[in-house]
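Starting off, we have a lone chain in the form predicted alone, written out as structure tokens.
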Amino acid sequence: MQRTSDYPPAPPALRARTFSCMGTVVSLTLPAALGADKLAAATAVVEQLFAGLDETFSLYRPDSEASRLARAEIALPEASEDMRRLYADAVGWRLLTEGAFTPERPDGVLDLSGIVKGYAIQEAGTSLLALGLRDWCLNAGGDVLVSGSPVLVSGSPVPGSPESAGREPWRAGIVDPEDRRTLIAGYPLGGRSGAKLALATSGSAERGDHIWAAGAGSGARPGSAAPVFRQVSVAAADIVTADVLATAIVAGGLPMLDRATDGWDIEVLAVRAGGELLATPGFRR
């Protein structure tokens, strides 16, 4: 009789590939049954999309269009269609959040970093679906968008179809801002029809104070006012909404938290500066 230890290990259920872009690590995870070649090809598509957007919007690249705008070498009306469209989207979010989210720094420099990563994830998800991939998880520095389920079934159904109801969800973990090795909560994404597909986390725990407080005047600096929240996680139907509202709640504090939960179909887990947690019902289940 063969001993248990003699059996070959079970094949991995999931397979992932990573790359670095936009100052963070991006990972794409697929059911392992789809094969390594399909994962490599899909990751290459996602990486090319992220790299193209980074070349346009990064303020850390002196040759980017965003840097040329910051140096006043070109004006916004002369900018590319992508730049003008994303700026218009960001201005729309500024109106919707009553200034808690803004596309400009207090010194007046146009900075679309608060929306471009979510936009990149959204566009990458559209590309993955166009490739015929229905089950995947895309994670860019803790901002997560999923489709389908981590458990591949024969003839995997289209997300949102009646056949997709009741499938195993992806499970996203939220780290403790005081100890990055510890999870403070988890949230199921995808799997069933009508489930939230995106989770974004914003705050100072990963990158230090980098979010401008709502109402900060010219010359203000990140961290100049004591933040109400150390970290905010938002689950939503789409990644741009999740990403923007997480940033807006960190910047706008309790008034923006109330405005966001009243005005959007979202779930929120907020870590106050003192460590206390505020959670909507979806995070308390």
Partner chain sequence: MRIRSAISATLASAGILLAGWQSGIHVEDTRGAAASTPAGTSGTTGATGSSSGTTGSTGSSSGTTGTSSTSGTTATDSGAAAEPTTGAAAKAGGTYAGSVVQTRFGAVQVQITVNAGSITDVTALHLTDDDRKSIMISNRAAPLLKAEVLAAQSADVQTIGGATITSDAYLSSLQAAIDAANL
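Note that the coordinates shown come from a computational prediction; the quantities given were computed from them, not determined experimentally. Residue numbers count along the first chain shown, from 1.
There is another form of the same protein, the form predicted together with the partner chain; it is not shown, and what comes next is about it.
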Open item on the list: With the partner left out here, check for me: in the predicted bound form, does some heavy atom of A273 sit within 4.5 Å of the partner chain?
Closed with: no
TODO: May I ask you to state whether R180 is within 4.5 Å of the partner chain in the predicted bound form, using heavy atom distances?
DONE: yes
TODO: Check whether S147 has any heavy atom within 4.5 Å of a heavy atom of the partner chain in the predicted bound form, and answer yes or no.
DONE: no
Open item on the list: At 4.5 Å between heavy atoms, is I174 in contact with the partner chain in the predicted bound form?
Closed with: yes
- [ ] Could you tell me which of 93-101, 133-141, 68-76, 119-127 sits within 4.5 Å of the partner chain in the predicted bound form, going by non-hydrogen atoms?
- [x] 133-141
